[in-house]
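A single chain, nothing else alongside it, follows as structure tokens in the form predicted on its own.
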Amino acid sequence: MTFASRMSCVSVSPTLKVSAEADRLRRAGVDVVDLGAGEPDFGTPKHVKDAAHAALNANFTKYTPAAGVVEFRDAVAHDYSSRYRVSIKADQVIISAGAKQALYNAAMVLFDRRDEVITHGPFWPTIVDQIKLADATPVVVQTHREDGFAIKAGAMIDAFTPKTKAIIVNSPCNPTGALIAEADMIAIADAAAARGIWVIADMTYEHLIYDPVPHNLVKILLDRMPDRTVICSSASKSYAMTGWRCGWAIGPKALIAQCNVLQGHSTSNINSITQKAGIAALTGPQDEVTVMLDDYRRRRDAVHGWLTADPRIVCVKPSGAFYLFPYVADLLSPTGIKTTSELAEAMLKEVAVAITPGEGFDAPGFFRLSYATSIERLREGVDRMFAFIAALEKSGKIPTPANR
């Protein structure tokens, strides 16, 4: 079969691929410890589900405006205005099927062939593939384990060319959990504003920041470049609503209007019941967000300690999101397991532990481990992982650590 040429530029999401294979094994009766999934193990908060039931009982089951009901757009505008000390109106907001669609809308509305779009690596693969689907060219500026995967303004600005159309910043970052410092965001915003470059901020994990560090990216961007800023986020991670498909974009009215046109010809409105649930999530009690964050912090600290007990596993403790991103080059060898893709495949096959290989994030030698599961399952997963490593060691496929 012959398909559109654009499809040759993209590939299956590595995170969805891992989830699909883990699900296949589960259905076959295998007890899989899934540390690959990028979704909370918590249930959606009760008041959010109650709002959905109320919407069903009221027969709120018809089409809505493509951009979402005005009450939801108002709720997003008020939430961001209040939390980030800015002024946002409902006509600057579009409701979408998760942050993924919000980012896709922005890419398709803004990018053209021959445009360059800068982002940072290791990256969430969808960001780069969406740039390609919009016929633009991704320019990846690498961050480094040695400095905590911090996004440095100087490196991003040095990548500017006359073809640069936009910069996409993901903070907290999937897969590294790194945050961009406010000083670096200020420098990027000022440089971008001076050159007429857009900045798109993917803030999907904005509620999942472990320490009280300054991170008001919204105010920095809207104060400096309100006409060229797009903020994309969702209820998925913060409110354990991944399956509800509930996200949004905030931007200039003209851009949001164009996103509305595009969305009107693709998916139209998101699920009507989800919209009522989303309103409840943003306007209702926030206690469960804090409960989830505190539990993630405990899990992060525990798993980080377990993994780094082996000196061959080097891991930066993340500042946000719910992933560890260990560097395991010392477990790889030309005569044994050569890549983290092979490592992930073998680990799933041999000990039924699912992780996501670093190659999918443009980071060979790393893998992503999600700690969005119970502490008991995390302990089981790490125990199986070490048993797998010990078996490789015994077979001579990886060396024994020097301190043993």
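The first residue of the sequence shown is number 1, and the count goes up from there. Treat the numbers as computed from the prediction; the structure is a model and nothing was measured.
Another form exists, predicted together with a small molecule; not displayed. Remarks below refer to it.
Partner proximity in the model of the complex, defined as non-hydrogen atoms within 4.5 angstroms of the small molecule, places exactly one of 72-80, 310-318, 229-237, 257-265 at the interface: 229-237. At the 4.5 Å threshold, heavy atoms of Pro326 stay clear of the small molecule in the model of the complex, well away from it.
Contact check for Tyr205: a non-hydrogen atom falls within 4.5 Å of the small molecule in the model of the complex. The shortest heavy atom separation between Gly98 and the small molecule in the model of the complex is within 4.5 Å. In the model of the complex, at least one heavy atom of Arg245 sits within 4.5 Å of a heavy atom of the small molecule. Shown without its partner, this chain lists Ala280, Val199, Met292, Leu103 as candidates; in the model of the complex, only Leu103 has a non-hydrogen atom within 4.5 angstroms of the small molecule. The listed set Asn170, Gln92, Thr143, Thr274 contains one residue whose heavy atoms approach the small molecule in the model of the complex to within 4.5 Å, identified as Asn170.
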